[in-house]
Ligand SMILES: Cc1cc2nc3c(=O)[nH]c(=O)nc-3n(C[C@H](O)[C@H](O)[C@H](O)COP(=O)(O)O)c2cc1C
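In the form predicted on its own, a lone chain appears below as C-alpha cells.
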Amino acid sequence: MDILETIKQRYSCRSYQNKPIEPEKLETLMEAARLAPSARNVQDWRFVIVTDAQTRRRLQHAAADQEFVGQAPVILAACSCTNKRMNLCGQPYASINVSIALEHIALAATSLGLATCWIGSFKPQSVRKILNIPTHIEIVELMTIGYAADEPKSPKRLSLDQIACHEKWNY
C-alpha cells in the first residue's frame, strides 16, 4: 500500500477484536518508531508495551475508564527520557519527538492491517504507578493497538485552501 493510501485509511479505532497481535508485527511497529526522526537525534522515546489483560484493565481506569482502552490487545505507554527544549523556538523535545514516533507506529500499524488510537485522556501519575515509570520520565501519550472490530470512520476534513496558504498568512 502506498503512503498516501495508508494515511487515508488510518483512523482512531475505538473497538478491538479479542485477538493478540503477532510478535513480528509488534517488532515492526517498534522498528517504525526507532526510525523516526528526533530533535538533534536524541532518540528520547521509550515505550512500555502492555499486553497483560489485568494491567490493561488498570490502564483503562487510568484513562478515564474508556472501555476500548482495556479491550485493545496492546497499550503503549509512550514516554520521553529528556526534558530538553529546542533552542530558538522553545518547543519541548518530548512531545514532538514522541508524537512523530507514535505516528510512525500508527501508519505502520495501518499498513499491517492493525488499528490504533491516540489516548490523551489519562492520569499520568496513575500510569506511572501501574507501569513503574520513574518520575524523571515524561509520559507523553498512550496508544491502543489491535485488530479493529469497528468500521473506519472518516471525519470531515477541512479543504486544502482552509489549512495552507502561500508566502504569507492570509486567513
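We number the residues from 1 along the sequence you see. Just so it is clear, the structure is predicted and the values come from calculations on it, not from any experiment.
Below, we turn to the form predicted together with the named molecule, even though it does not appear here.
Contact annotation for the candidate site: Phe68, Gly120 and Glu141 all lie close to the named molecule in the predicted complex (heavy atom within 4.5 Å). Picking from 130-138, 37-45, 110-118, 22-30 the stretch near the named molecule in the predicted complex, with a 4.5 Å limit on heavy atoms, gives 110-118.
Within this chain, Ser15 is remote from the site of the named molecule in the predicted complex, having no heavy atom within 4.5 Å.
Although the partner is absent here, Tyr147 sits far enough away that none of its heavy atoms falls within 4.5 Å of the named molecule in the predicted complex.
Taking the named molecule as it sits in the predicted complex, the stretch 145-163 comes within 4.5 angstroms of it through a non-hydrogen atom at Pro155, Arg157.
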